[in-house]
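Here we start with a single chain on its own, the form predicted alone, put down as structure tokens.
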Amino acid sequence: MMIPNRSEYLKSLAQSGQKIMGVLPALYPRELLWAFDIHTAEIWDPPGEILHANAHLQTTICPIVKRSLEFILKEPEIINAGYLFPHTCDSLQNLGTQVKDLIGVNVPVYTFYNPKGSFNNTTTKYYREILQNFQTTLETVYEPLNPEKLLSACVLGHKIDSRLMAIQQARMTNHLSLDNSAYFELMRAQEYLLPLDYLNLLGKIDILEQAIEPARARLMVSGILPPSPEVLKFLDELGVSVVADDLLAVSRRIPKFPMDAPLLPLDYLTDRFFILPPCSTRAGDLEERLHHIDKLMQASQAQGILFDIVKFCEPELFDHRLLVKTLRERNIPVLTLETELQAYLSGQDKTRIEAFTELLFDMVSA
């Protein structure tokens, strides 16, 4: 599986004249941007040392926000169509305000205010309206949108969703011969590949007819981002397979069940948003999220769950305590790691992962 290098790929696109928008986490109408021929480069955890961002932020701000601002302050040449700040959390919303009104950049800054809380006719109407407003905003910068282009973009997004759901199902049932590292590299490639390139990549992934021999233990992960490459590699070495996830960057952005092919684009995009899995950043119902996690663990036969928590992530921390308490009451092994998105695995975390996996191995052999 050959996945293009992110930096080289985006630089090549920018040099070819492709419009590229930097998009902060996490939920946004990607198809609407595609319809304007705007490619999305998602900004989650840019590598590199934080040198300038701390001067603009409190010390208790999560590293995703810090790293994103550090990236923006460097004014990368690949971002030529602006930045989009979805209302994922207060910290990211405040960052959008700072970048737009205080710090300033040489490209436009857009916001997209996803609805939160309970979903009903009012929130459905609201979401459709902000879609239309965002379209109107983009039309003032570019040209009036061709409805056929939006429909084509939705059809493309639907194909990507369908293939991702098939690959996730294959992962849960041992019909995918990718290790942990390769699997999440594939999942995260959608953050920067052109949608057609990504769909072609997904099409090259073999879903096996016969199930392969399962790993020594099966694990589910939850959080914002997948565990670091170092953690994933260590789990591979230990013989632990991550077979399901409750990650904002991965499965929480994929519909819970297949959708019909799109006919009316705005209706399709609205419906898609409201059938995404429950998520802390959408102020979803905690019981619904517990039920969703339980279904995933049963379907994947995961023996335990790893919470990989980004430090100071308020939405995740709000849910985390009660999730862990309930899962432990159900005798489900739980391990929580806290990360600042560092590119190494500490000795302490390594020891804790080893002890946790030994518990999983004992469950398998019991």
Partner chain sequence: MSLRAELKYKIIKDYGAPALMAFQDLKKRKPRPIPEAFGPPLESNKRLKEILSRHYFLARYVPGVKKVAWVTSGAPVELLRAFDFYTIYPENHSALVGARKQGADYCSIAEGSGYSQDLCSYARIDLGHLLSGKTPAGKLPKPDLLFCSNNICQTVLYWYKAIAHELNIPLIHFDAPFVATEQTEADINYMAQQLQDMIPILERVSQRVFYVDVFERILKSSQETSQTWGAILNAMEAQPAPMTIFDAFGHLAPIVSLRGLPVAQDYYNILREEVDTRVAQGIGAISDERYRLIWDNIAIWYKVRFLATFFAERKMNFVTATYTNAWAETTGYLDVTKPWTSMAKTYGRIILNNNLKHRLDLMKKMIKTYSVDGMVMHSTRSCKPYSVGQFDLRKAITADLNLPAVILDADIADERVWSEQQIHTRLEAFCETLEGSKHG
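Model, not experiment: these values are computed from the prediction. Positions refer to the first chain, counted from 1.
Note that the form predicted in complex with its partner chain isn't included here; everything after this is about it.
Since exactly one of 135, 181, 94, 173 fits, which has a heavy atom within 4.5 Å of its partner chain in the predicted complex?
The residue in contact is 94.
So which of 284, 265, 157, 223 gets a non-hydrogen atom within 4.5 Å of its partner chain in the predicted complex?
Looking at 284, 265, 157, 223 one by one, just 284 meets the 4.5 Å heavy-atom criterion.
Report whether the minimum heavy atom distance between residue 142 and its partner chain in the predicted complex is within 4.5 Å.
Result no; residue 142 lies far from its partner chain in the predicted complex.
Should residue 117 be counted as a contact of its partner chain in the predicted complex, where contact means heavy atoms within 4.5 Å?
Flag for residue 117 set to yes.
Check whether residue 111 has any heavy atom within 4.5 Å of a heavy atom of its partner chain in the predicted complex, and answer yes or no.
Contact with its partner chain, yes.
So, residue 123 and its partner chain: in the predicted complex, are they within 4.5 Å at any heavy atom pair?
Close contact exists here: in the predicted complex, residue 123 approaches its partner chain to within 4.5 Å, heavy atoms only.
With its partner chain left out here, work out from 228 to 236, 209 to 217, 165 to 173, 96 to 104 which stretch has heavy atoms within 4.5 Å of it in the predicted complex.
Every other range fails; the passing one is 96 to 104.
Contact at 1, 248 and 295 by its partner chain in the predicted complex, all three, heavy atom at most 4.5 Å
Answer is no for this spot.
What residues of 51 to 71, in sequence order, lie within 4.5 Å of its partner chain in the predicted complex by heavy atom?
Heavy-atom contacts to its partner chain in the predicted complex: 54, 55, 56, 57, 58, 60, 61.
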